[in-house]
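Heads up, the chain below is alone and in the form predicted on its own; it's given as structure tokens.
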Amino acid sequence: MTSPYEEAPLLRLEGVRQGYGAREVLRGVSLELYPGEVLGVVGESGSGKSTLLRVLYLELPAEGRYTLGQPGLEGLNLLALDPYRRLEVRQRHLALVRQHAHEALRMGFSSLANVAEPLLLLGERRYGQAATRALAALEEADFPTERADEPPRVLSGGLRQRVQLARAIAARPAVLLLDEPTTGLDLLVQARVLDTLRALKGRLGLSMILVSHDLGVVRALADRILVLLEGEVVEAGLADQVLEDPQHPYTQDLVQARL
């Protein structure tokens, strides 16, 4: 069986820098994501995790090189594209599940309409067809489809995250970005969301980048881990190796704090 690391990377960042004014938040970050892989990004608050995710989602400008192995994008540096083209790439190839569902969802519209919306934006003209695909995505995200007409404002935090997840996977993105997807959920709900993500990875072959401060969450999902400290990658490797035999003192502190 071929190892995923023998394939060409699906996504690659090279020497990416990003800052706010004189403060540099990302300092030459490089990473690769392979098809069907989950890459976990860990670090304490202020390490640059959220900024990295926003750069990956093409929400923030940055210096460096960002390539995505998708038809029509071969060899293109996504960071050099104009804003309209970046938006097009984001809508067609990337999806983001945010930490706070209200930042992504229309809280007063039905859950079904929330999931169907990106399909309509991508050109699906028949609402009935979009609704059918949206309902299937809700089912894949383990959302109780009998509640599809309910708006997110009346749902629990766990169900809101499932609506977000369904919205993210409905159009089958190349890369799914996860920003602290279980923060604020109780342990049982967290476990169920993680089970859903594992199932989606296996069933759909999704490639994911997971940002989290929770090493337990990262261990449950990630194949590889990248450790950020003050905007720099200080350690990277297979998840079990990084968590069981950390080499950098900062990573050792993170693992020890989890114990």
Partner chain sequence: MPRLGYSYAFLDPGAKRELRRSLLKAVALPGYQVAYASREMPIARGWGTGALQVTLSLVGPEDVVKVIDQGADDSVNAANLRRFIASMSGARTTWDTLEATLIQSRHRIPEERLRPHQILILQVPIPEPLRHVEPSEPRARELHALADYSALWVGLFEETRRFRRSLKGAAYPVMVHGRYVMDPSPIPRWDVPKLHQAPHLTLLAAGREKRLYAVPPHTEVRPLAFQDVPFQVERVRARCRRTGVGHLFLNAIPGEGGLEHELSDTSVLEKLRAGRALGETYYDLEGRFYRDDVPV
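Numbering follows the first chain given and starts at 1. For clarity, every value in this text was computed on a predicted model and none was experimentally measured.
Same protein, other form: the form predicted together with its partner chain, not shown, and the subject of what follows.
Next item on the list: Name the stretch: of 123-131, 68-76, 155-163, 95-103, exactly one has residues whose heavy atoms fall within 4.5 Å of its partner chain in the predicted complex.
Entry: Comparing against its partner chain in the predicted complex, the contact stretch is 123-131.
Checklist line | Heavy atom within 4.5 Å of its partner chain in the predicted complex - residue from 171, 81, 113, 174 | finding: In short, 113.
Margin query: in the predicted complex, does each of 180, 247 and 250 have a heavy atom within 4.5 Å of its partner chain?
Written below: No, the whole trio is out of contact, none within 4.5 Å by any heavy atom.
Note to self: Just checking whether residue 136 would be counted as a contact of its partner chain in the predicted complex - the rule being heavy atoms within 4.5 angstroms.
What the structure shows: Although its partner chain is absent here, residue 136 would stay clear of it in the predicted complex, with no heavy atoms inside 4.5 Å.
Note to self: When the contact criterion is heavy atoms within 4.5 Å, does residue 149 count as touching its partner chain in the predicted complex?
What the structure shows: Heavy-atom contact with its partner chain at 4.5 Å: present for residue 149.
Checklist line | residue 140 within 4.5 Å of its partner chain in the predicted complex, heavy atoms | finding: Flag for residue 140 set to no.
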